[in-house]
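One chain comes next, on its own, written as structure tokens: the form predicted alone.
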């Protein structure tokens, strides 16, 4: 298919652009295969708009006489308006944008056409391979091994080719366990706590069914993480009621009789359309400027967004507590093990592991616990808060995870190497990007699409020094301790940097942030001077002492 077939009107003159915090600007609108471009023809290009079609969630058309208006609602929550003279031109442009923003084929998306204008210093596709991550683990313990049982994706289509499992469990046992777990997602290592040697594993639900099917290899696999005489905890991210209903459909949960050394705890976390509806309600409330205080607070509460954050953080704190304070190993799963399970395992690592609070460590976490672990980004992030066509699979699971990380970052502002702009960047690129990192639903699909060969990795761009500096937190002081976030309702706040950034100017916050940076830099200069003067004083005192002794 040629993009030209979808573009009925490639350009239009005298188009007026309205967008948040900018004066209205008149210019020429151009449609390409992947971008909507508006140029005011000014020398400095200050009034240029480049918008990826894949960032468009929905569009609305309005007409007053022959003047048409297109309102474009974006996946990054922006709303922009184009006034286009001529009804036919406006209708043509609107239908072209709709067609170009809803392409079915992944290979027609922009990452396959994007050519970087920067020098690639590091290949982001190879930066966080399982073998590299396993090196960190093998330097502190020899109880685990890297298994390639899934090298051709035949054992589990949503797992990567290499997974970390207990050394005592062979590949044949893993194949048997895979037939006992939903979608073949057998328990694999998610995190190893160096402090006490406890492990956190993740999987999907066991297929016990109504007749209580068993699998002795499954018990052996998760028991291999236990110390002698110790119990473990299974955190099921479904309510007991939902887990029991799953048995009638062939799923289920671990029965105490078959897993006597494990205690099962149910922590219900919502999924799918419930989360999607929550996001839609929240964004609608944030965009409505006509609220009085009561109405705003009731709409914020009715969205349930902060309630979901509280539930997710509570479950993550429980997992971290079991590992760090109880000295117990943990297995986390829900139904498929690709959504709420990953929220819990990754947030527990943010709490427990200082490395995950660095930029590089956080990138490794996203790669390991979301991309390689098979979170279906293509399905979950197909639409954002404005889409009219709701399908079953959309859900802001990763977005909620990022919001939870922001809540912890806000409570521990000196413990993270990155700032909230880094989290916002990941939110934006998960929904629409020139990079191939978030394309596909799992490693199997990315492999078939040949993304590492045909597209650029987000990490290749982000990890260049000139980009990294934008995402560094000036308050960061490495903290090797476990950090325990508060999940009290009073401690959780609306993430203004995302939800209010298009409705409220951040000018003064930006100025304050810049001033803070200046103060910190000045403080470093003064500290360097103090250290230099101390050295001079010590040298002078040494010289005096030598003269006196002579």
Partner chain sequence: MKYIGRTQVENVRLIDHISSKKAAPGTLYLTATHVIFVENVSETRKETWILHSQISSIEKQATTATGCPLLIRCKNFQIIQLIIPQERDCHDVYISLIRLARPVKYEELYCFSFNPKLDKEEREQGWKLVGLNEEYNRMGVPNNYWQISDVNRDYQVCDSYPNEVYVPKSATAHIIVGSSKFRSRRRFPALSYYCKDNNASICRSSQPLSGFSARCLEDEQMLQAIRKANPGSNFIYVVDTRPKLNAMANRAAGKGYESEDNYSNIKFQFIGIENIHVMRNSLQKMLEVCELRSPSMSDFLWGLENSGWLKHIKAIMDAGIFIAKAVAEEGVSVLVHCSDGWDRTAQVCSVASLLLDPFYRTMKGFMVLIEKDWVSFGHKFNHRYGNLDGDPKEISPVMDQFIECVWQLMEQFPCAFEFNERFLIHIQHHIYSCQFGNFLCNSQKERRELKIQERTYSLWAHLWKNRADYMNPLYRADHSQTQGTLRPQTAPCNFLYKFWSGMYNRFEKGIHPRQSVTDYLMAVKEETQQLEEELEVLEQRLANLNKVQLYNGKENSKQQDQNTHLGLSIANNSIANTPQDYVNNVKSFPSRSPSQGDEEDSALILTQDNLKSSDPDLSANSDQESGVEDLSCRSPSGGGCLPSEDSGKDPDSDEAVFLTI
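Rigid core: the largest C-alpha set superposing within 1.5 Å between the two forms. Residue numbers count along the first chain shown, from 1. Model, not experiment: these values are computed from the prediction.
This next part talks about the form predicted together with its partner chain, which is not shown.
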{"query": "One residue of 210, 244, 388, 298 in contact with its partner chain, assessed in the predicted bound form (non-hydrogen atom, 4.5 angstroms)", "finding": "298"}
{"query": "Position in contact with its partner chain when the complex is considered in the predicted bound form, options 158, 395, 415, 335, heavy atoms within 4.5 Å", "finding": "415"}
{"query": "Contact label in the predicted bound form: residue 286 to its partner chain, heavy atom within 4.5 Å", "finding": "yes"}
{"query": "Residue 170, heavy atom within 4.5 angstroms of its partner chain in the predicted bound form", "finding": "no"}
{"query": "Non-hydrogen atom contact residue 325 with its partner chain in the predicted bound form at 4.5 angstroms", "finding": "yes"}
{"query": "Contact flag, residue 480 vs its partner chain in the predicted bound form, heavy atom cut 4.5 Å", "finding": "yes"}
{"query": "Per-stretch contact check against its partner chain in the predicted bound form, the hit in 170-178, 471-479, 201-209, 368-376 (non-hydrogen atom, 4.5 angstroms)", "finding": "471-479"}
{"query": "Contacts with its partner chain in the predicted bound form - residues in 224-242 whose heavy atoms fall within 4.5 Å", "finding": "233"}
{"query": "Rigid core superposition, residue 536 Cα moves 2 angstroms or more between this form and the one not shown", "finding": "yes"}
{"query": "Rigid core fit then residue 62 CA moved by 2 Å or more between this form and the one not shown", "finding": "no"}
{"query": "Threshold 2 Å Cα movement between this form and the one not shown at residue 526, rigid core reference", "finding": "yes"}
